[in-house]
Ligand SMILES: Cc1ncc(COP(=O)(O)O)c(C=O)c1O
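One chain comes next, on its own, written as structure tokens: the form predicted alone.
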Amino acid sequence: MQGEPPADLRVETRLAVLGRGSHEPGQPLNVPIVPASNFRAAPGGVTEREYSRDDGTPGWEALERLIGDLEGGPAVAFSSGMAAIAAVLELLPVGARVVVPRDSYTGLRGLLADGAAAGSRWRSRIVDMTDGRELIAAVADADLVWLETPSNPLLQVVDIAEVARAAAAAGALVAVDSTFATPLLQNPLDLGADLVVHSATKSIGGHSDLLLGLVVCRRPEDRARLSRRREVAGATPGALEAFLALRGARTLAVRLRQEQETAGELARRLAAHPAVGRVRYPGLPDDPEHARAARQMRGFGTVLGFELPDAATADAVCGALRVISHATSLGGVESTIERRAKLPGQEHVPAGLLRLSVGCEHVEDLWADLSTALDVRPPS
């Protein structure tokens, strides 16, 4: 009879073998989709699983086991990345002080703004995370420090360990949105963070076909509180979404390897192109974020940004692309591009900045598409 896999496996193997369910002969190799909300109960007693919103499903549990193993703590799956973010904020008392990066996911800042408008549910302070003095000053008066590293869309990198030390001295929690890094390139819990958030909609799922979020905790009691938030708020992942996220995660290491290699090559070529201004990618040796990323991460990721002279030029480039898709999400096997400054709340982003999420296409096809589009002039 085959037993549990060894504990000392490399990450590529763990992605393939963990979260497989029962190892008994005759059981399915993949945890099957269980499209059930209700389960048979024992007369006069309580069974392990009676109602999926309360007790979970085999699919959630398999995904949580895999991601929790990769990040080094217990994981909780949610119906979306935003649901995961909201659950973390709901752990805080009314009036809690939250430090949040200026360059961060617009949904997070929108949720904090809504909470402030609804009677000071939270009080947020937006800071430039690359300004060490401003950041440390803000941490000293915080209940929660929210980091996003690398950030969306400016690819800024924050020293998690340094912030975690300052937060611990101030009695503040640290949560890190590590979506761009994935669990393979960065493990914030090992650097002192208390909570790690992933939008599994992105690289973990990897195929642009699901919505799902995850929170991984340092402390088991936080997992219990987050599970309770999921239960009472109803932010439960669907059975199909959990299945798809787990299936996508199986190939994360393979996808990430190719996508990251291509992203680095495209960043180098874009930096040499006469039509392109600044290229933002921590893997470039002259990038301001390179040294921090090299110390903290095991690679530089699959997302880069490059600046064109103005919004009209950037929009013209997006319209001229034929291989790269003009779309708002990222992390899929297909490359996507977007001018992020068009969105509300992105006033700090240069108008001509394009965020490129690199997929699994051949690097030469992607470069041919980009270089052709860069020759297009915007309408006068």
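Numbering starts at 1 and runs along the sequence shown. Since the structure is predicted, the reported quantities are computational estimates derived from the model, not experimental observations.
Only in words, not in the display: the form predicted in complex with this ligand, which the text now covers.
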item	value
Selected contact from 81, 206, 237, 101, since only one has a non-hydrogen atom within 4.5 angstroms of this ligand in the model of the complex	81
The unique member of 71, 177, 241, 259 whose heavy atoms fall within 4.5 Å of this ligand in the model of the complex	177
Contact segment among 261-269, 282-290, 137-145, 177-185, judged by heavy atoms lying within 4.5 Å of this ligand in the model of the complex	177-185
4.5 Å heavy atom contact, residue 212 and this ligand in the model of the complex	yes
Contact label in the model of the complex: residue 122 to this ligand, heavy atom within 4.5 Å	no
Exercise: residue 302 in contact with this ligand in the model of the complex, heavy atom 4.5 Å	no
Residue contact check: residue 202 to this ligand in the model of the complex, 4.5 Å heavy atom	yes
Heavy atom contacts to this ligand in the model of the complex at 4.5 Å, residues of 96-122 in sequence order	105
